[in-house]
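Just one chain follows, in the form predicted on its own, and it is written as structure tokens.
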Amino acid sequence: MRMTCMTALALCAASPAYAATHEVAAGDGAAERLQEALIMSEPGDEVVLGPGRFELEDGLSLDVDGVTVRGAGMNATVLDFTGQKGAGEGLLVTSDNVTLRDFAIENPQGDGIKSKDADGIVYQRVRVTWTDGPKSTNGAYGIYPVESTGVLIEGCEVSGASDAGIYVGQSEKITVRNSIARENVAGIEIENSRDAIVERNLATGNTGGILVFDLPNLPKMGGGNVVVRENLVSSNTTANFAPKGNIVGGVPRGTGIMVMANEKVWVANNMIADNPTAGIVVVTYTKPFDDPRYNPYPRDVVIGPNLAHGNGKDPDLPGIAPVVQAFGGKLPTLLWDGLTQDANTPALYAAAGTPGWSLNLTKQGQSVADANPGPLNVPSADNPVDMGDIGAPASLEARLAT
């Protein structure tokens, strides 16, 4: 009989039915009460933030699997880090199967929310804002999952990041959907990651709207299998305000969608408008590198049909002025540097009728000043692309609240 009771108690402790709710209200001592709730929570628990403004001087951390942190809404519950001491992130998550929902973070000194090695994470209706607008002293990343498998970002909003508003790095099985990125250097960035879907987002007022990059000298290499579809990428006109030396400091103002050194990226059914440099840019990584794992070339990038207008009227590319003048005063929708890995690996396919140019560069690292531009001549993108099973797992979709 004693063994039966002990077994029952153990089962009760492990069951989500006995999960606890930790309610934290704004006001005096909220910072200590909130961090204590995050530390004391058990798998399956909820940390519920009340409405109001939480004044925080130190970053928060969560290292318990299966915890949900939810507020009263992204405009109702605000974690205010304006007075934060140090340069750390607002919230650091290092555990699996965490759900973050319905709250905002304002003015963190470092990143907004960083989740590292945190598999199965859901960000839903989370806002990260630097309230003074674009500044190089703002934190680098707003929503920042890295080194994770299973990432779902739904209905979020980020503005003012001095690197990327929504950045997913070195991760797999990713969906970024129905979110807004505005007035960041990069609106949405998928970097050194695989099996990602970026869909139905608004990227506006950034330096560059949506970037799909692969970079050398990072723990995880070989980004690819990325779908960018049904997004509105418009008026990304903010001058680049990245701190000096930052890699995104090279992103030209007015870039709609940029693909660099990645494979199997499919860009289609987007509305791309009024981006001064170009609607879509496909390029090779230009800087020297010594990482033998790194491939600097784009491979099998597919530009399907997109709705584009008003792009390329004021390109932010040194040495491009004579080229623009030669082609009637604006760049076409699609701009490719013309470089390929080899003759058997096409860099680029494009839907019939896509207005585009190749700069016809001849080697990695050349500048635009060495361009010999001409009409785009690449294989057709008529055939569907099989990228296998991509996007966030269904188990994460099931955790979304209505």
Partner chain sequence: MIRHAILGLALVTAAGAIAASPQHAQVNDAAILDPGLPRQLADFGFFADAPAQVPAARVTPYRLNTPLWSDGAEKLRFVYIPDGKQAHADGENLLDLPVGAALIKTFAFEKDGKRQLVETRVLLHRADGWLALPYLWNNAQTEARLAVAGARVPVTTPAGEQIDYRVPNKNQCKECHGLNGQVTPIGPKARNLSTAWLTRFHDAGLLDKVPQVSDPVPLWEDRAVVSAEAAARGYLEANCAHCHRPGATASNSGLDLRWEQTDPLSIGIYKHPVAAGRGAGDLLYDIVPGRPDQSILVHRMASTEPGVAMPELGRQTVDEAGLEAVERWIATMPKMDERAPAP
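As the structure is a prediction and not an experimental result, all values here were calculated from the model. Positions refer to the first chain, counted from 1.
The same protein also has a form predicted together with its partner chain, omitted here; what follows describes it.
- Contact check for A87, S136 and P243: all three have a heavy atom within 4.5 Å of its partner chain in the predicted bound form.
- Among residues of the shown chain, Q170 is one whose heavy atoms approach its partner chain to within 4.5 Å in the predicted bound form.
- By the criterion of a heavy atom within 4.5 Å, E147 is counted among the residues contacting its partner chain in the predicted bound form.
- In the predicted bound form, L62 approaches its partner chain with a heavy atom inside 4.5 Å.
- Under a 4.5 angstroms non-hydrogen atom cutoff, its partner chain in the predicted bound form has Y285 among its neighbouring residues.
- The candidate stretches are 112-120, 301-309, 271-279, 320-328, and the one lying within 4.5 Å of its partner chain in the predicted bound form by heavy atoms is 112-120.
- For the options T340, N360, Q35, Q364, the one in contact with its partner chain in the predicted bound form, meaning a heavy atom within 4.5 Å, is Q35.
- For the options T99, S162, T238, T129, the residue carrying a heavy atom within 4.5 angstroms of its partner chain in the predicted bound form is S162.
- Contacts between stretch 42-57 and its partner chain, counted in the predicted bound form as any heavy atom lying within 4.5 Å, involve E57 alone.
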